[in-house]
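The chain below stands alone and is given in structure tokens; this is the form predicted alone.
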């Protein structure tokens, strides 16, 4: 099977790769040293890397004001192409159009790329927050991220010269879209489902994944290895958990695991759409959308991220959702089930969520065997057991995460 038989990248017949290599990269690095420097946040750095590897095809750089406004309001760029979340770069002072700037990671101080500034503009942050996140409350981590942006947005095409520490730290797990597409083509997969993960896999994740395997040629377990909010489990621990589960409980011929460098925005429905956009660029035809996908707290309804796909116009997005109902362990069914398959009552169900699992482990709580595989729980207990008191963050339960979990997981 050839790569051309896979789903096309979003809005383009081929991947738009902005990452320079070899002599071209070395020359750009030399040029960058003489340019004014703009320091990026980890979110902006992750976005730049995704631009570089083609994950954000068809974008060629950070968005201008017309694209920013159209994306916020109508999920549509000025050229009419669907895009659900702004991809922007902020700076603390105005920069004249025509200026070439050097883009530097604020985390590592490494030169990450260059940009020709075509436009410099200011935004209404509340407008962005309300349209993209559905709230302007500072408690929302995505809103907090937007409000922390500097005063000016810089727009223009980019050249990318580094993927930061991701290839070194995550090895073969870190994957470019061209690489995942090559793997899918070699396996002869056409219908490929993506599973988004920001938590270690518990039994609900495993159940969703195996449903997808049943109805697809293969499954792409795609792990976020960028930054999360305080209290979430760090990438290296999550990767260890997921790799262990795949090794012991999946047919490895039907599963590919990969990692990508973005920070979570916790934008709920809008982020679910963004996940589908870049999974299409990685070669996936379907995106698993379960309960409270990419949500935080009680800001979104449990199935808002599924329903938003129904609001899209024809041709907006080729990657389709694989919507799956609320899942849980049923003691009477003696296995995993969903609202569509289980006839029993709430008292017979153990509702599973990453939040409930993190809360129980961080507080030294007892975790039922049905919540997660023992090999995964062992890794997580070792992680939480090694935390110092000042490293621990209180994990707050919310309505979508609790169900019966608070009753079943005892302190």
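This is a predicted model, so every value here is computed, not measured. Numbering follows the first chain given and starts at 1.
The same protein also has a form predicted together with a further copy of the same chain, omitted here; what follows describes it.
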For the three residues 164, 170 and 265, verify that every one has a non-hydrogen atom within 4.5 Å of a further copy of the same chain in the predicted bound form; reply yes or no.
no
Does any heavy atom of residue 152 come within 4.5 Å of a heavy atom of a further copy of the same chain in the predicted bound form?
no
At the 4.5 Å heavy atom threshold, is residue 144 in contact with a further copy of the same chain in the predicted bound form?
no
Using a 4.5 angstroms cut-off on non-hydrogen atoms, would residue 248 count as touching a further copy of the same chain in the predicted bound form?
yes
Using a 4.5 angstroms cut-off on non-hydrogen atoms, would residue 90 count as touching a further copy of the same chain in the predicted bound form?
no
When a further copy of the same chain is placed as it is in the predicted bound form, which of 70 to 78, 129 to 137, 332 to 340, 152 to 160 ends up with heavy atoms within 4.5 Å of it?
332 to 340
Listed residue (203, 176, 198, 293) with a non-hydrogen atom within 4.5 angstroms of a further copy of the same chain in the predicted bound form
203
Of 278, 207, 299, 309, the only residue with a heavy atom within 4.5 Å of a further copy of the same chain in the predicted bound form is 207
